[in-house]
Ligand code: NAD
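Quick setup: one chain, the form predicted on its own, written in structure tokens, and binding and motion questions come after.
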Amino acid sequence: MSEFDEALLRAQRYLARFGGKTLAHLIDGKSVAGSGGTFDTLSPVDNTLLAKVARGTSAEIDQAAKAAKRAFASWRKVSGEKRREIMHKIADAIVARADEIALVECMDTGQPIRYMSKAALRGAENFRFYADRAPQAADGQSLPTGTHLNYTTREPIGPVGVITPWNTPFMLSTWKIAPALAAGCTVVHKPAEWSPLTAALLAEIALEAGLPAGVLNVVHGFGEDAGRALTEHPDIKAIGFVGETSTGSAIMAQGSQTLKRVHFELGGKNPVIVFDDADLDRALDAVLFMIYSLNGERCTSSSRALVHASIYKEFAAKAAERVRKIRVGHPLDPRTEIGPLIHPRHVAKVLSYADAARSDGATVAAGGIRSSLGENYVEPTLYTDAHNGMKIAQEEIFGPVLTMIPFADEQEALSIANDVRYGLTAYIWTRDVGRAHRVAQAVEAGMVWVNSENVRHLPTPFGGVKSSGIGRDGGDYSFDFYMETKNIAIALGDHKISRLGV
């Protein structure tokens, strides 16, 4: 039996638990069917039913928010050391079920196993990282003066809402939930309706590892009902959201009446700038990896390749040759480099850009069509002879689609790179150290990698500028969102106090 066949059998065994019954919400440690009926979650592999999922309404969100509020009263008092212990147990359980998590996620999202095989381990790493920071989460600073001792401390903000996307749902859920728990917050999690299965696995794992009931609640559903109810609920003090920029804007408006703190990781149209002095072989590898891995469904993808005019023709030709060889296939086949996109509606959006590219004068150098493998399979696509005014250069496509644009000099490269509404990441390829620093400092992005693809170091800040987001994840930066800083001033003696009415 081949490795692919074995993986498929294991996936079917793991998925069998979801078939024939409704995937319920988890509220206050209990399975809740709710009153909103159900919706279907389909496998992007062949659009077959994976599970019927309870559709959350404002009633279930209210139950979950109240459960989180009750649990917060005690969870906030749990010592950092005890939170660390529980979170490490969660991480251990994630590792123990890594195969299940990876295979379920592949079948629920269409992501190739070559990337998802490590998704659970990255989720466990997120929990361990924040588990070890839990004992120091409340630490502050000593800021003395001649008359007062000022010291700060941090306190958990309260129950928070976490709304996660469909592209790499398990890892991104742990990225948001782990620091919230370490900070002493309780959580109501609303997973994406297109890929809800591994959220249920994470909640189950957390409960079995000893996380108290009500600390992590999961309500499935759609943005217009469950999502909106969560962002408007008065007991929810903050919303952490990963997804589209337009949705982030709506969430900000919905939460404004209750003055919610928001943390947004939103869209991107990220430039990778390739200068003529770069290591071109490494640059090409990085360019292709950062747009065609994870099906191109990643916010940090290098979706615009800005290439110096002197090397543009050769670089584009080599890219096209490589793109045509990228293997499209079943997500559980270890040879697959691009799997099916998440949903027929998303496929239609991605494919619509081919006509836009042609009408704007770009060349479809590769792809731009549906694969013969099935409805949700798209051939990896490369658009060349493009300029930054084109639709394909301005809008986030969120698929395996690269737009390649020539530039004449450093100044034009920066002008093109910054001439979009987004500012999440940028990638720079050059051997000139001075140029690397100049461009990195001038490019409008929250994160910049030089002579590298996206290599994450967990203590560093992650987030964007402009329409790509608000706030930062990673390291202690996450605690700035999930915690309030309090200053306490203690008089050291009898300092002078002004007297009135004497």
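In case it trips you up, residue 1 is the first one in the sequence shown, and so on. If you're wondering where the values come from, they're calculated on a predicted model, not measured in any experiment.
One more form of this protein, predicted in complex with nicotinamide-adenine-dinucleotide (NAD), exists but is not displayed; see below.
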May I ask you to choose, among L332, I163, I236, I90, the residue with a heavy atom within 4.5 Å of nicotinamide-adenine-dinucleotide (NAD) in the predicted bound form? I163
Of G399, P179, G267, P340, which one comes within 4.5 Å of nicotinamide-adenine-dinucleotide (NAD) in the predicted bound form, counting heavy atoms only? G267
Is R122 close enough to touch nicotinamide-adenine-dinucleotide (NAD) in the predicted bound form, meaning at least one heavy atom pair within 4.5 Å? no
According to a 4.5 angstroms non-hydrogen atom cut-off, is G243 in contact with nicotinamide-adenine-dinucleotide (NAD) in the predicted bound form? yes
Contact label in the predicted bound form: A250 to nicotinamide-adenine-dinucleotide (NAD), heavy atom within 4.5 Å: yes
State yes or no: in the predicted bound form, is some non-hydrogen atom of T430 no more than 4.5 angstroms from a non-hydrogen atom of nicotinamide-adenine-dinucleotide (NAD)? no
Just one of 164 to 172, 76 to 84, 208 to 216, 403 to 411 has residues with a heavy atom within 4.5 Å of nicotinamide-adenine-dinucleotide (NAD) in the predicted bound form, so point it out. 164 to 172
Only counting heavy atoms and a 4.5 Å limit, does any residue of 88 to 112 reach nicotinamide-adenine-dinucleotide (NAD) in the predicted bound form, and if so which ones? none
